[in-house]
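In the block that follows, a single chain appears as structure tokens, in the form predicted alone.
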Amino acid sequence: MATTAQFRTCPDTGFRIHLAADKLIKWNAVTAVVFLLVGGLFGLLVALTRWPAVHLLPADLFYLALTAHGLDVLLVWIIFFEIAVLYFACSILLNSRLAAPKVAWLAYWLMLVGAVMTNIAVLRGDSSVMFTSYVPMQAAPDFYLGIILFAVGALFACFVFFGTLVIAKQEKTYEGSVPLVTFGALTAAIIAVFTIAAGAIILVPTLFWSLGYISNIDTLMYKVVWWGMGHSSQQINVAAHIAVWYALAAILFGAKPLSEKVSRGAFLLYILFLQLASAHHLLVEPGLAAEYKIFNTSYALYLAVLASMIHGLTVPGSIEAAQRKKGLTKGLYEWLRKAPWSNPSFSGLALSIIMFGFLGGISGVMMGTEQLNLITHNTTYVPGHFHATVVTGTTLAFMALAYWLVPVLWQRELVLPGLAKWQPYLFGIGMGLVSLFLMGAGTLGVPRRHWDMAFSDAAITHDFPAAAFLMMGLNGVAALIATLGGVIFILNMVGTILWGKKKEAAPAPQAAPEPQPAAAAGAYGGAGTMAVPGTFVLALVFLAAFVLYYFVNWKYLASVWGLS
């Protein structure tokens, strides 16, 4: 049992915070932001090189930067922050001590050492195999070993999360079922175990191959198993950032989901079906059976899409229900007009929901359809899609949570509150445009990973339409805008931690304090209403856009049939 001395009470939220969990959340979150800075700078170099008029880096440095960018932002930044979210969801929200803090610290150092080791291997110049590291391209042994150490550390952190859930249940630190936010974090952790297992199955033999102990790795087998890690790691992100959506709705508005059972059922669908989306990277592989491709791109895919649509309805619906309960009932959208748009936690949340749905969700379903995949596979459409999911979806949601979490944990005020109001718009809209321009260029056939779309030094060239060059140039401009937003976020986080003004301690209340809105994030229960007409209208707009774009792409596919 934990003693009272092991906890502190947060004056802003009323949460009892286990001191060991508090420190681990801080270290994981700060490390995440550092790697976001590093990975973001590499991403800017990639964008400026793919901008035909700038074409910044030579080929060798371009592929080095591309490898480092994928590693640091798709894996390291996001998973470090997700570990912080897991500890928050299991310890703080459940009012519980953290299980095995020493194991949690071991997990942190394994992840950090692994991330640094792989970065050094990449920067040394002999491991520019890109994020997918497809064989027969071979990286240095420490490249693979670093990723394995990082993954093992993340697995240990998941075990600490599971152990804390058991402790909270045994010590009865909460009543009833776990909160929905914790349930969403549990979904992410379960998917993480599957993801790490897939990574171990393929990266351990690949490590021995790079050491010379294994003579050959089958390329198709590598791709099939690797994508069980590569794509499923992004499904951890989806589950985690949707849990953050629910958390922010509760923290900012005291909102409760429209239906606890339906939202939990949607998370369960993620566990059962979301990882199958990995197959969309393999739909043009001739060695895989048609039955495998058809099952993954139809029946199973639709169930994962259903889950995302449920969350896309119930999160804004819960906000509308909470706002209407406060009297904002005029018309369809008074609740939305009078939302705190200058609060970066809310604007980040709103942009994350909109862009993840309209850009990432719709494009993901299109790419996940076997026939339509043919017109986008290995074009810039693919990074356009996952910038919409991983960046405007996950990263923006995590930034929005950080604007609330960092001042609360460190008990300091933001150092640049004026710039913070604009940051989600700069970063979100900038990255949204990056996604659109990459998808547009990909639709015109621009290759995904080619260093020079002009083929200026190639013996055989290909002339893309002028619009493709324009879109890649605009992609570079949009990347500069997003980078500005990213820099403002990092300055705010680092500056707040180092130099932020200490919050004054509130005087002890004479009477029992009223429950804080943030407490709703740690509570069980639904909103008790489905009277959210504004949200339902927005959902119909989304559905119309979804159907229209889906069938427009069938028209694009029909235009290439003449090649046969």
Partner chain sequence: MAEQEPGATGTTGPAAGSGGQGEEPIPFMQQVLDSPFLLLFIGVTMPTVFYILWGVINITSIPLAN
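Predicted model, so just to flag it, every value in this text is computed and none were measured. Positions refer to the first chain, counted from 1.
What comes next is about the form predicted together with its partner chain, which is not displayed.
Contact annotation: of the candidates 156, 194, 425, 464, the single residue with a non-hydrogen atom within 4.5 angstroms of its partner chain in the predicted bound form is 194.
The contact with its partner chain in the predicted bound form, taken as any heavy atom within 4.5 Å, belongs to 224 out of 339, 224, 207, 106. Only one segment in the set 134-142, 414-422, 346-354, 215-223 has any non-hydrogen atom within 4.5 angstroms of its partner chain in the predicted bound form, and it is 215-223.
Annotation: in the predicted bound form, residues 272, 325 and 526 each come within 4.5 Å of its partner chain through at least one heavy atom. Taking the partner from elsewhere, residue 268 is found to have a heavy atom lying within 4.5 Å of its partner chain in the predicted bound form.
Residue contact check for residue 166: one or more of its heavy atoms lie within 4.5 Å of its partner chain in the predicted bound form. For the chain shown alone, residue 162 is a contact residue for its partner chain in the predicted bound form, at least one non-hydrogen atom being within 4.5 angstroms. Its partner chain in the predicted bound form comes within 4.5 Å of a heavy atom belonging to residue 256. If you take 360-392 and check each residue for a heavy atom within 4.5 Å of its partner chain in the predicted bound form, you get nothing at all.
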